[in-house]
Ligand SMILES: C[S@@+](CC[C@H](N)C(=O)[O-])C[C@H]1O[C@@H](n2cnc3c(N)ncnc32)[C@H](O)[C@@H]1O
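Here you get one chain, nothing else, as C-alpha cells; it is the form predicted on its own.
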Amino acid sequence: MLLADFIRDGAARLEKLYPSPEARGLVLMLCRELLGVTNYTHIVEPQTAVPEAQLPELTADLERLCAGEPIQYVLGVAEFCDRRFAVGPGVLVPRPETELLVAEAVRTLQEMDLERAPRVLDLCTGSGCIAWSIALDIRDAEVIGLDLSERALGYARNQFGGSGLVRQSPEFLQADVLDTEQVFPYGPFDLIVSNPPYVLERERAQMRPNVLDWEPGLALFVPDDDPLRFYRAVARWAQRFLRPGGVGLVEINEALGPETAGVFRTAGFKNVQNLPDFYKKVRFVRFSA
C-alpha cells in the first residue's frame, strides 16, 4: 500500500471525528512515529510504500484513532515542555497551556534567593509532567508529587526510567489532596503547584469524545455546585506547608478566575493575581505566603 494512499484514506475516515486539517495531522503523526517518515515524504517520494511488516500495526492504530482514542494513548507518549512523557489510559494527557504553569514555576524558583535546594510540592500530579519538568529544569530541586490515582502514579514514577536525568528524582506519593488535615511530614516548601480537576460537570457537553470517553473523569471534573473544592484544598495545603515568602501557582477554569483568586485571598495569602495563557484567557492564579 502506498504511504500517500494510507494517509489520504486515514484522514478521510478521521474527518468524522475531527476537522480536516486535524484529521490529516493525526495520520501524519502516526506515520511519523511508526514508520520514521516525514510529513512530506509521501509528497516528494510518491511511490513510497508502507512496509508490509508494519502495515498491520499501522492499521490497528488507525482503528484506535477512529474509535476516538487519543493519539497520545495510541502512541504511548505526549509532548510536553519539549520532552516526551509516557501516558496511557487512566492518566490525563498533558495540555500545552500547562507548559506556562511550568515556565512560571521555573522562573519563580530561579528568582528565589536560596542557599539550599528549593523544595516543591505538586498537588494532583497525574502523569508527573509538572513535577518532572520542574526537576529537569531546576536540577537540584527536591520535588514531591501527590495524587489519589495509583495508576497515574505508576506513570509518574517511571517517567524517563524513574531516575538518572536529575540529581534527585521527584518522589511520588499516593494521597487524597482533599484530605487537607492528613499527617504529612514533608514540609515546608518554597513552591506549591497544582493543576487540579476544574472542568464543571455542565461543561461535558462541550467536550470532544476523545477526551470525554477516554481520559479519567476523576482528573477532569468537579461538581457544578462546588467547583472550587480543590482550590480550597490547595489553599489549606499552602497554609500548612508553604514557607513564609513561598509561592503558589495553580491552573484554573478560565470562567472562574476572580472566584478562584478569591479563595486564596480569603485564605490570607498575599500578592494574589490572575495570569493569562497563550490566548489571553485567565488560566492561572499566583499567590505568596
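Here the structure is a predicted model, which is why all the values come from computation and not from measurement. Start at 1 with the first residue shown and count on from there.
The same protein has a further form, the form predicted together with this ligand, not shown here; the description that follows concerns it.
The shortest heavy atom separation between L148 and this ligand in the model of the complex is within 4.5 Å. Looking at T125, you'd find a heavy atom of it within 4.5 angstroms of this ligand in the model of the complex. At a distance threshold of 4.5 angstroms between non-hydrogen atoms, F264 is out of contact with this ligand in the model of the complex. This ligand is not shown here, but in the model of the complex it comes within 4.5 Å of a heavy atom of V177.
Heavy atoms within 4.5 Å of this ligand in the model of the complex map, among the stretches 111-119, 134-142, 70-78, 194-202, onto 194-202 alone. This chain is drawn without this ligand; in the model of the complex, the residue among V106, V211, L100, L218 with a heavy atom within 4.5 Å of it is L218. Residues L92, P94, T98 are the ones in 85-99 with at least one heavy atom within 4.5 Å of this ligand in the model of the complex, listed in sequence order.
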